[in-house]
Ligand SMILES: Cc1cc2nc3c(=O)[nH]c(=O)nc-3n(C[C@H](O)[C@H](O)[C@H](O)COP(=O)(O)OP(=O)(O)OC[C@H]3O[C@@H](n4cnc5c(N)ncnc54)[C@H](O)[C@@H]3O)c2cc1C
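Shown next as structure tokens: one chain only, the form predicted on its own.
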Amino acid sequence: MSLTRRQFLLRAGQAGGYGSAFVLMQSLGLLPVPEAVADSPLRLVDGKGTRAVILGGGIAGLVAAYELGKAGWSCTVLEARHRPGGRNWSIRNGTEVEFTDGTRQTCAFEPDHYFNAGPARLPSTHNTMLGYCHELGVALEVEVNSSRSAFMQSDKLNGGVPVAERRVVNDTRGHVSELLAKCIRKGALDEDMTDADRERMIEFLRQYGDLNPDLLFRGTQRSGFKIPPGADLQSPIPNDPLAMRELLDADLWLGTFVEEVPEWQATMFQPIGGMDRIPFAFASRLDSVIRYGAQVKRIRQSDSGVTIIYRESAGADQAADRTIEADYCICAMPLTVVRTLDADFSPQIRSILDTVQYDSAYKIAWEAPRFWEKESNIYGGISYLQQAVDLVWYPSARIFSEKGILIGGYSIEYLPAETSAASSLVRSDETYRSPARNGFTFGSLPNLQAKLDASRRSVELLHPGHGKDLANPIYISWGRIPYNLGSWISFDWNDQRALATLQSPDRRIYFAGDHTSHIVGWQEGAALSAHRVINQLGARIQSAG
């Protein structure tokens, strides 16, 4: 059966990744480039002292208070923790980590080391957050999100011995290019492809896969060398190509396609000294606007305003209920927390709160000497494995220093809506691809020590002999962090009608947060959601005259 050019290219994408199909389709003018649809620009309307109470001091709440304050609104932020930022949390020496089950950890890193337990990257496409960093004086540095020197490991590839990412990427391209070039040369596609198209595609595949003149893949210098170039008589010898069957069995495609995701493409950034430099910069401008240790308990609305009852905690033995009244309320807390409140929400909102699901992502951080730099020439980036802990993330900060903070695992470990991590694992067999399945396998481990052991094992697989060098671990499980109860709204929960409801006011309550955007899990989504609410409030008071 013949194939049209478009069908051929779509199959090329299925075989070789959508990166290869993208380039081919662009070269033939077959791929339409969608126009970006921008959010409505922020419009500040003079509030003339209109009162707004903002629930939650994460990025959405801070942005709302900051911008409304510029416009003459009288804002109060109620934040249950004793710090700003919400999920933007940088852990340092002495930081106490407490789970909802009472598990406690104390960070013992050396001074100046930090661990971004929540967001750790700022994409170059997230102009709103980058703009706030500039406006607030938050210094940034490059975050190296991808490195061809990082490793990939599967028990089904290369006898389980890790290989450099460049080998997996380029050997896959070579094998796929050879396969497609043979299809074209044999004339299987001639009926629906012109001679010019055939030659252009063959030349592209020759270059894309580094094929020899016979259109065969016999290895490539792009995959690195068994004997690298030097200054003696020995000629460099490229690595032998990895077998395509092993590459397919290894199923390491997430790592090979990571730079195809717009949010993960270079150049990425991070604040110097920790991601929490951003919320603390907002907080420094807001001064007395934020009330820390303020746990919201009750919300009531009337035709003229809202009344919030919250518990103010100044210490372990000092707590008192307080009341605050305002004209409007911006609710910027995770919905997993919002649903626990005594609030007179509409039936539509209450229905969403009853059914919404959040994922629980985990991270494990270790302090270690920088063996990955000294022995493997890895400076930032991420190694990928097919293990329970399937990711090791190398620090971009303070490269060449003696020690650094290594992330030994980051994934979704269970779905809070499930009764256990084990039930998430059973469900994942039908619903999720291997990265999530690996995370659920990790989540089903029986205790903290077993999880730390799994993390150490993955580092040891990548860097033999160095598992013993890992020290001072910190484990974060966002489903067990008070006032979060999840990392982000579940990617499996895709209810556009519910999103539209959350983006509309519930009488005098407006909802903000990345969960009310299409940029879930990113600070950009939180900031833009705050802008949307500010515009809605401005339009409302203007229409009221």
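From 1 onward, residues are counted along the sequence shown. The shown structure was predicted, so the numbers you read here are calculated from the model rather than taken from an experiment.
The discussion below concerns the form predicted in complex with this ligand, not included here.
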{"item": "Contact label in the model of the complex: W488 to this ligand, heavy atom within 4.5 Å", "value": "yes"}
{"item": "Distance check, Y510 to this ligand in the model of the complex, heavy atom within 4.5 Å", "value": "no"}
{"item": "Partner proximity in the model of the complex: I412 to this ligand, non-hydrogen atom cutoff 4.5 Å", "value": "no"}
{"item": "G443, heavy atom within 4.5 angstroms of this ligand in the model of the complex", "value": "no"}
{"item": "Candidate stretches 65 to 73, 495 to 503, 475 to 483, 40 to 48, one within 4.5 Å of this ligand in the model of the complex by heavy atom", "value": "475 to 483"}
{"item": "Selected contact from G174, P395, P334, G439, since only one has a non-hydrogen atom within 4.5 angstroms of this ligand in the model of the complex", "value": "P334"}
{"item": "Contact residue in the model of the complex, from L242, L391, I352, A120 (heavy atom within 4.5 Å of this ligand)", "value": "A120"}
{"item": "All of G56, G85 and Q523 within 4.5 Å of this ligand in the model of the complex, heavy atom check", "value": "yes"}
{"item": "This ligand in the model of the complex - contacting residues of 289 to 304, heavy atom within 4.5 Å", "value": "A294, Q295, V296"}
